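Considered here are two forms of the same protein chain, supplied as structure tokens in two stand-alone entries, structure 1 and structure 2.
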Structure 1
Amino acid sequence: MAALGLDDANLLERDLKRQRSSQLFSVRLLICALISIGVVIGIIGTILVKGVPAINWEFLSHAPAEGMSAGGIWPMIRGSILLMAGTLLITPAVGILGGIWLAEYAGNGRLPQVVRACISTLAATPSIIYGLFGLAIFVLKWKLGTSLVAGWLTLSLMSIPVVMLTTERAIRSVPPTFLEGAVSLGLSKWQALRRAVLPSAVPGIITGLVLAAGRAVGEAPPILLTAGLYFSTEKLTLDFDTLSKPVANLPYHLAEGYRQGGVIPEKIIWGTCLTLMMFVLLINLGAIIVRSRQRAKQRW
């Protein structure tokens, strides 16, 4: 080391500086992590403290009363369930097939690269843009009006890019030998994908569908512009005519509750916020259970 101009003292000093720098960086990371955790705990804690007093069976199972100043939020819960269910019926058919095409059929040419870039851009596009598109095309141009169907189409359009990208990543994470082995046994490429590759990619595909469901339940702007209903005195029904009518839902109820301050008691707003949070949590827990079972089957 003497030839490099470094003696033992210099080496020791250099090592000490590196250790101090590494320790300082670790402390900074720890502080950032603690701040992030503290913010999350603070948000969840605030919602729990202010929302729990409003939660009871009547609140969850009854319609609003006395001009939205009393009663429950059942129409909003039902509307959110309908919006999510319709989105999950439409999105997988296009999103999963599109992800399979990107992963196994598109290749790596210039056109597929442009398509992937466009899909990634759409996946990151703010939801208000989809809401305005749905308003212009589905509500006004196609004359669907503010309706459940218009909400389904808008939310599905918003969710498809996410499902396509997660499906592509899930399929690419499966070892190529799965596909090669199945093809070598005489299966066509599609048969090999369906029987050997897709079962192993199911956990990743479910992740994409959960993200889509979470956006369908939690996004307010697209619903506000295409399917949202703030208040109705009509009796709740579930028939074919429901498709052509707007629906009350949790995000829109929250947005309007704060925009029209004083109309809805703050206790009901916080209770609605907690209900929405628990709704999304249940969706994620269900997905975790399904993914765990699928992985357990794959191990066997």
Structure 2
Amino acid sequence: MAALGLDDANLLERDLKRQRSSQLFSVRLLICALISIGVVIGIIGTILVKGVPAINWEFLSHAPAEGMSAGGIWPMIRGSILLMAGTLLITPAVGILGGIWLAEYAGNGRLPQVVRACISTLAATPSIIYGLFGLAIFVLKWKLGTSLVAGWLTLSLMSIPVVMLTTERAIRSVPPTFLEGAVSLGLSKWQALRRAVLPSAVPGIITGLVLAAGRAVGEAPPILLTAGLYFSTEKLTLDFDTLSKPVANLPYHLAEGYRQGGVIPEKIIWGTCLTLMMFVLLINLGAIIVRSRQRAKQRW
């Protein structure tokens, strides 16, 4: 009995130890979480706090003046919008169709598997690689020069794999019974896809597109090599000339501003950072809203 009692005491003690170490573990987890959240809020908050004083209507609507030390950043905002618009024109055509092919036509053979692996590799390829490719093909080989068009093509190329993968996922998340039911009613496969499957997948597809567009706007490296211009004070003319000229835009402006070193005053830099960040965050916020609405409406 005595021995048993001793064991009991040991067990109790061990239990206590385990409980205590479990509590310690939870505290550590909480500290990790607090640091992570602190980093996120710290960074976004700092940029907000430092950037907001620089922002006013004039800052957003005027061209830089007095060698960057005054005026606004409108030409850069305009350029970023232009780049995004072109990318959104080119990307969906290929990206969504490719995604449909992956989800519904490719099957699971060896070749489609290889293609799928390639596409996910492309989706994870660093943006500077796309910049190099755009430079070699669009700028030099096709002789488009450093231009808006070259930038569109490069950014589209970068976005297409991402859009393909998200489209595939969106379509696959629609229950196969939708397609089977429609086909059993006598529709062809394409008709069934278009009428029964795609409408349910649209929110997912749009989310993917928007996320890709947000990435395209924020990435500096591809633009650096294919379409960038430090700053511009020109009025925008909407003709073919614009397409073949480089375009000022927010990320390139910041990158080049760093390269020139100390030309842009700190206040304007914070303002530009904030503008670019909000630009991308608002786009992503759109994606988040679309996604949560889709979740609310989901019928399966």
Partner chain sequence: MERAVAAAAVLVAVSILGLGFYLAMESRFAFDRKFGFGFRVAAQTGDTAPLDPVGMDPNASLLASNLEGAEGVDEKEDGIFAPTLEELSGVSGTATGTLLVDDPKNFKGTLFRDDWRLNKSAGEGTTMLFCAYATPEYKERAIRIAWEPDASFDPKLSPHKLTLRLVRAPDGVTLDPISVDLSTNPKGEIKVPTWIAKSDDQRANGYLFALEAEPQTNNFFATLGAFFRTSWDPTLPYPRFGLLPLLLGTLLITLIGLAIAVPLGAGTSVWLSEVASPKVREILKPVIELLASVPTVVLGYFGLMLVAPAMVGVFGSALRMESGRNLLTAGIMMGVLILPTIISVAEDALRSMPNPLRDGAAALGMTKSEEISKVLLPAARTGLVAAIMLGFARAIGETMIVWILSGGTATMPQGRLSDIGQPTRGIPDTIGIEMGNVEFEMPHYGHLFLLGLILFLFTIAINMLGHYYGRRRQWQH
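Every value quoted in this text rests on a predicted model; they were computed, and no experiment measured them. One-based numbering along structure 1's sequence throughout. Definition used throughout: the rigid core is the maximal C-alpha set that superposes within 1.5 Å between two forms.
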Structure, 1 versus 2, that is the form predicted alone | 1
Shift in Å of the C-alpha at Asn284 between structure 1 and structure 2 after core superposition | 2.3
